[in-house]
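One chain comes next, on its own, written out as structure tokens in the form predicted alone.
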């Protein structure tokens, strides 16, 4: 199976409101996918559909199964983390391991104990005695001890300082992702996860803005920095985004030959956050012209 997730026309309505509008994208095996979008873009709704937690229209396969019809079977191979602070405050660390061991047939208690031994977490401590960073480490130890093929994270490091956030993602990459297992991350902290990603899914107002690999992004999109005397020539090449910084202009182009851009200024790779903003604004301008 080449695709861990496959969607065609994925749609979700809450009354008259369309939270998802015909999404179609693929998640390859071994991929690290970033689902990027502002609040209300449909990120969490899309994840709920993948997890079989909400009804939907269209076609959706997760590990070859329909989440709405075969959720119990699918969840043997899928793990999900939302906010890191969801563990009951009265729960002891050892009891958290006991619980996961009892409900998940592919949990390795030995592996969890080994991972926790590299932290300052005491097995007899209650969750309420742990810092938010420690709770993150506990979550991570539980996840790393599950033999699953897909891990889905929805804002997993919200509220953590940069040290714990970096350690969280470094551990994930080192110990979880491989050719057989995939990772989907939905987050607002785009710049932080950019180096981890192999694929992007951009959402805005329930619509798919972009779905492609990061390799495709680096080949297709480019940022040109030009001086004011070259700006009009650069605009003739129809950039999809433009901003002015410290007296120079930065323009983002889609599928314009690098050689042509280089004749006008300095060509750079386009940061994911800048690309997202440019594509969303371009879509809005197109919609306004059509109204």
Partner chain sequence: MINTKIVILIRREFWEHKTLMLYLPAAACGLFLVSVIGMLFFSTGSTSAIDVSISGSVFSLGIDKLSALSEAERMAVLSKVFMFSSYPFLLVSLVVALSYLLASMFNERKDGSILFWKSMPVSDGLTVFSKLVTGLFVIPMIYLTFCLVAQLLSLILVTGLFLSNDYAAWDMLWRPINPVAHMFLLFCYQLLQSFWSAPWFGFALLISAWAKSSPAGWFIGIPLVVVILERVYSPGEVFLVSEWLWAHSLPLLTMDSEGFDLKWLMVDPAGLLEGMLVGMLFIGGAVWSRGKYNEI
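Positions refer to the first chain, counted from 1. Quick caveat: nothing in here was measured; it's all calculated off a predicted structure.
If you look for the form predicted in complex with its partner chain, you will not find it shown, but the lines that follow are about it.
Between the options 119, 125, 98, 189, the residue in contact with its partner chain in the predicted bound form by a heavy atom within 4.5 angstroms is 98. For the candidate set 160, 144, 208, 75, a heavy atom within 4.5 Å of its partner chain in the predicted bound form is found for exactly one residue, namely 75. Under a 4.5 angstroms non-hydrogen atom cutoff, its partner chain in the predicted bound form lacks residue 43 among its neighbouring residues. Residue contact check for residue 82: one or more of its heavy atoms lie within 4.5 Å of its partner chain in the predicted bound form. None of the heavy atoms of residue 65 is located within 4.5 Å of its partner chain in the predicted bound form. Though the partner is left out of this view, residue 115 does not reach within 4.5 Å of its partner chain in the predicted bound form, counting heavy atoms only. Between 213-221, 162-170, 135-143, 181-189, the stretch whose residues reach within 4.5 angstroms of its partner chain in the predicted bound form through a non-hydrogen atom is 135-143. Of the residues in 91-105, those that come within 4.5 Å of its partner chain in the predicted bound form through at least one heavy atom are, in sequence order, 91, 95, 98, 99, 100, 102, 103, 104, 105.
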